[in-house]
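Form predicted on its own, single chain, as structure tokens, below.
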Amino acid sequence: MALIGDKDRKAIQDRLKELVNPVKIVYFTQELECQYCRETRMILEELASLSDKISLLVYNFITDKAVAEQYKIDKIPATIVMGEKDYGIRYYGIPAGYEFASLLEDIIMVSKRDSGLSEKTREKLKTVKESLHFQVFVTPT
């Protein structure tokens, strides 16, 4: 059973035509005691099937612990969106509803290797000397 409907699938395929460079989605899951892991994997598999520029790697959070630690993954379901390098983009939980739109935008930005930030903002960011940790929470409420 597909989670992405035919109408949405067509709209997503149209958006994915914007992809320039390959994007890798790295997904961490486990079979037991993980709410939404199975559904998240299904969504990511369906999404990856819509463009040859998207690849999906799936790891088990428990048995692939070294890989999880490499990417600093400490909870599941966890989805990483990356290009030839890791930009630090992480999704925890199921990327459905509003979160799916954010995921799609991130995939496109990573593919274009462009954040969309203005030149003024880029210059200002160059002055930051210490590492920063940003967390963005997406919810309709």
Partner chain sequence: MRLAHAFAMENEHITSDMVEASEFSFLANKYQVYGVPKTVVNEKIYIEGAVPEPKFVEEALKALAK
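From a predicted model like this one, the values you see are computed outputs, not experimental measurements. Positions refer to the first chain, counted from 1.
One more form of this protein, predicted together with the partner chain, exists but is not displayed; see below.
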(request) Determine whether any heavy atom of K124 comes within 4.5 Å of a heavy atom of the partner chain in the predicted bound form, and answer yes or no. (result) yes
(message) Please tell me whether any heavy atom belonging to A2 falls inside 4.5 Å of a heavy atom of the partner chain, as the geometry stands in the predicted bound form.
(response) no
(request) Determine whether any heavy atom of K53 comes within 4.5 Å of a heavy atom of the partner chain in the predicted bound form, and answer yes or no. (result) no
(message) So, K65 and the partner chain: in the predicted bound form, are they within 4.5 Å at any heavy atom pair?
(response) no
(request) Quick one: from L57, A48, I89, M42, grab the residue that has a heavy atom within 4.5 Å of the partner chain in the predicted bound form. (result) I89
(message) For a quick check, can you give me the residues of 58 to 78 that have a heavy atom within 4.5 Å of the partner chain in the predicted bound form?
(response) K75, I76, P77
